[in-house]
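Take a look at this one chain, the form predicted on its own, written out in structure tokens.
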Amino acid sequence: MKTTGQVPAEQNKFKTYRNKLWAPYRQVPILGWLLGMLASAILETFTGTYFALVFGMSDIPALFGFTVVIKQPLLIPGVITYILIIYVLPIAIVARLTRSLTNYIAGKLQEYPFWISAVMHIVLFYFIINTWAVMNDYRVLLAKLMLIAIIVTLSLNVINGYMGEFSCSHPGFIALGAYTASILTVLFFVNDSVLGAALLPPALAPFLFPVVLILGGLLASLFSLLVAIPAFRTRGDYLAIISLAFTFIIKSLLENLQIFGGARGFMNQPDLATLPVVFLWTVLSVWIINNFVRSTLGKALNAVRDNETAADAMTINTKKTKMTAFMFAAFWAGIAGGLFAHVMRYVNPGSFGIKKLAEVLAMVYFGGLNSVVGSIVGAVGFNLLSEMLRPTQIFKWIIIPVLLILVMIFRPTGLIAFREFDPKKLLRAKNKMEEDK
């Protein structure tokens, strides 16, 4: 009879085989994985249609074949084979074969200022996304929405994660940014039946679009004081109540502003939120928010979260710290709203209600509190899961909540919580890291 602590021989063999198989990949730097993903995206561009037809699909699967197998379960073997040939094998082979080269390049890059290595990796990552997405309009739209979701999730995590409060006001901030940016771009660059002739040449629109987005973010940040000033004078769950009321007030206000479409929504936004524009804003938000939470102010925010009384005794101005963080988060929510409006080229007050709040909160808590990486994983994972389950229709809203409940049971703080994001460590050569150890 086996003892409780005894491990079956088969399990030991499996672990040994798995470790042996994975061992060469432990020394593959991020650069190697990126090259593998780029090779995979290029391979799909040139051969994806052919392999899709061979394995019984009418065209390249939009989302890794997941939606295909839901509609046609008999295609499961073909879809799995397609994923292995197009994605898994190219990434694995290229990462393995270029391991020495990519470690050498990553090591050399460490001899130069860090921003050179960061820019190189970011540019390569953009080419991967662009190559994968441009195969069809659906992928482009999904990529844009996922990037915007990262900004929203990161900004809310500043409040709900790093500050330790519970805010429900983000849909209101997103709405303010969306409507402000939309009104300004239509007013200045579009001949509209309501707002009249364009005040500026449309050719200037791409250059002034960042200014418009910042104005939308600043307005959202200013309106956040309506929540922060009364809420931070109290303790407990008052922020959640006041912020939820704020979201309803903003939604109701927009529904009754008939000049901007009211409940029908506002349209005619110019096509300014292209994939490179959204990507650049997302990279900027990740960089700035990560620096913010790792700064002295970010550490003070953590101290306030852990014990506000003790933080106050240590000469931290707790009220100012919370107000600054709240306005900072609202600013980025407004930026995300402006981008969202120009991706969809239409905004409706109904898009910023309870459903939007539930989605944003789900992304934050699914990915992980107090973690930049967790927010990125939560935003991308939730959006991919939501799109993959779209063919299931109403069952989608049963499956996703069940999965979230399971995450909350087994990982109460999220998948990747309380983990610091250090880009310098992430982009280092792996063989150099082994030597340092």
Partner chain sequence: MRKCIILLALVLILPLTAVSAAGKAETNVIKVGINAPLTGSIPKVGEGTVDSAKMWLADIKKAGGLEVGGKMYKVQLDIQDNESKAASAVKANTKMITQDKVLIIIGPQSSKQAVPAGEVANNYKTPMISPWSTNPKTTLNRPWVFRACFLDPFQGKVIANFVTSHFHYTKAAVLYDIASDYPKGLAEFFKKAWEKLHGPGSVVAYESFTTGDKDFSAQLTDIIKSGAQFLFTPQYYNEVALIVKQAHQLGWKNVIMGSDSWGSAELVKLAGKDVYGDFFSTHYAAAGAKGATKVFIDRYKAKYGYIPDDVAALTWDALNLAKTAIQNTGKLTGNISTDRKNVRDALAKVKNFKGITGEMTFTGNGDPVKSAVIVRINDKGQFTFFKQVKP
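What you are looking at is a predicted structure, and each value in this text was computed from that prediction instead of being measured. Residue numbers count along the first chain shown, from 1.
Keep in mind that the form predicted in complex with the partner chain is not shown, yet the notes after this line are about it.
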| query | finding |
| --- | --- |
| Close approach of G56 to the partner chain in the model of the complex, 4.5 Å, heavy atom | yes |
| Exercise: G368 in contact with the partner chain in the model of the complex, heavy atom 4.5 Å | no |
| The partner chain contact at F340 in the model of the complex, heavy atom, 4.5 Å | yes |
| Exercise: P61 in contact with the partner chain in the model of the complex, heavy atom 4.5 Å | yes |
| Heavy atom contact within 4.5 Å of the partner chain in the model of the complex, the stretch among 198-206, 316-324, 291-299, 137-145 | 137-145 |
| The partner chain: the contacting residue among T98, S351, T274, N130 in the model of the complex [heavy atom, 4.5 Å] | S351 |
| Sole residue of I214, L187, M344, V283 within 4.5 Å of the partner chain in the model of the complex, by heavy atom | M344 |
| Members of 364-402 lying within 4.5 angstroms of the partner chain, judged by heavy atom, in the model of the complex | N383, E387, R390, Q393, I394, K396, W397 |
